[in-house]
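What follows is a single chain, given as C-alpha cells, in the form predicted on its own.
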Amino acid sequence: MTSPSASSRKVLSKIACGRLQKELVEWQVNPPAGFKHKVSDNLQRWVIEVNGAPGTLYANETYQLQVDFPEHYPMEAPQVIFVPPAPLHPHIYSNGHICLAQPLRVFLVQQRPADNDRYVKNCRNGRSPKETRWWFHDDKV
C-alpha cells in the first residue's frame, strides 16, 4: 500500500538513518516473539509479519504491518498500518489504518469499526493516517 505522502517522503536524516540501522541490527539479533522483519533494502519502510497470539481469535493467522519512518525519526513517530487484508478488529479499518482513539481491549468478536465505510471512503487515494480526521466512537473515555 503506497500513499502519495509515502512516495514523496524525504530522505532520512543522518540521525534517523543511524538510529534505524542500530534498531534493525538489534531486531535481527533479538527479534520480538511473534514478529518477523521481512528483509528489504529500504531502511525507511519496514514490513513486519505478525503472528496472531495463541488462545485468541487471531491464533494461527499471520498479518503484515507496514512501518514508514519519517525523515526526522525518532523525533517524529512512524506511520504504522496493516497491509490488506487487515485483521477484523473493532480498532482496525479495512484499509489497514489502526484507530488508537480508545484504549485497546480484548474483543471476543472479529468485526470492523462501526464507521469503517465512512472512514475508508474519506481516506481514498492512499491518504495517510497522520493526515486523517478521526471520529471518536466512545464519549465515556
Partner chain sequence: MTEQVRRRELDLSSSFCRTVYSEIEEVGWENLVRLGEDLTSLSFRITFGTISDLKPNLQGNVCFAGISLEERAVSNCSRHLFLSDRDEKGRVHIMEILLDKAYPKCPPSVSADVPYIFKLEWSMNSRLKDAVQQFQEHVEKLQDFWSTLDDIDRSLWVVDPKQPHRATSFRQINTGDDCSIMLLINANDPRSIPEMKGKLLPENLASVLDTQLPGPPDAHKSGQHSECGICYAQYLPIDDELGAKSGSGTDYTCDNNTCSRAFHSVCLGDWLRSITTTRQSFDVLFGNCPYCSEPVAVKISTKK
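Just so it is clear, the structure is predicted and the values come from calculations on it, not from any experiment. Numbering follows the first chain given and starts at 1.
Absent from the display: the form predicted in complex with the partner chain. The rest refers to it.
Not one of His97, Arg118 and Cys123 places a heavy atom within 4.5 Å of the partner chain in the model of the complex. Of the stretches 71-79, 40-48, 53-61, 89-97, only 71-79 has residues with a heavy atom within 4.5 Å of the partner chain in the model of the complex.
The partner chain in the model of the complex comes within 4.5 Å of a heavy atom belonging to Lys14. Interface residue remark: Arg19 is counted as part of the site for the partner chain in the model of the complex, having a heavy atom within 4.5 Å.
Of the residues in 24-54, those that come within 4.5 Å of the partner chain in the model of the complex through at least one heavy atom are, in sequence order, Val25, Glu26, Asn30.
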